[in-house]
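Just the one chain here, the form predicted on its own, laid out as structure tokens.
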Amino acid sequence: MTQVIARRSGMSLYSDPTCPYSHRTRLVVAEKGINVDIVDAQPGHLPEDLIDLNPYNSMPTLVDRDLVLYDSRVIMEYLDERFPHPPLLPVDPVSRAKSRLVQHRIEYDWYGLITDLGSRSEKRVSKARKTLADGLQASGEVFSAMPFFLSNELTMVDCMLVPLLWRLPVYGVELPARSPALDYMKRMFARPAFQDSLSEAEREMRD
């Protein structure tokens, strides 16, 4: 991804080029075509201004003039509301609540495995790999029922899910050749916005 997209908006996104939480935020930026400075930052080598802005020194961190946000889901929803086209969350309250519930489940059930996938304990790693692979397989009907995840249009759910799926080789997670998740991944990875969202380090994950 071109690391400096534009400077006209006065908006900056501090992003870890290997972190799925940063990646899903960058994907929202790319899907909406938002002009924002993407500032690469890695733990242990943080810019001084980020240390001053974010008390948790975490990424992603979005700076929009006087506003500082440092939770990926808060950032993603803020961008969706600030730049409403194309919308990534439903308009009506019931559908929006259902979308947030799906996001919560992805966050809890699948993103929650990332710590164990990076563990030094092979037992924990193996268990997490199996749990993630089994979960993706069990969701086969959902992956194949509609063009996007539970939707005919790309939504915030896809923006959360696809960066995690991109990292399956890094996590050592393999799916059967006929897995519906693989077809979904192929479609999502081919989207120009997804390709634009990738950092060089992320591209190397699948080279």
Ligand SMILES: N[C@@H](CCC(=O)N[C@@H](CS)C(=O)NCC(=O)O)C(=O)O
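Numbers for residues come from their place in the sequence shown, where the first is 1. In this text the structure is predicted, and so the values were computed from the model without any measurement.
Only in words, not in the display: the form predicted in complex with the ligand, which the text now covers.
For the options 151, 58, 179, 139, the one in contact with the ligand in the predicted complex, meaning a heavy atom within 4.5 Å, is 58. When you look in the predicted complex, the only residue of 33, 147, 43, 47 with a non-hydrogen atom within 4.5 Å of the ligand is 43. Of the candidate stretches 83-91, 130-138, 70-78, 97-105, only 70-78 contains residues with a heavy atom within 4.5 Å of the ligand in the predicted complex. When the ligand is considered in the predicted complex, residue 13 lies well away from it, no heavy atom lying within 4.5 Å. Within this chain, residue 19 lines the site of the ligand in the predicted complex, having a heavy atom no more than 4.5 Å away.
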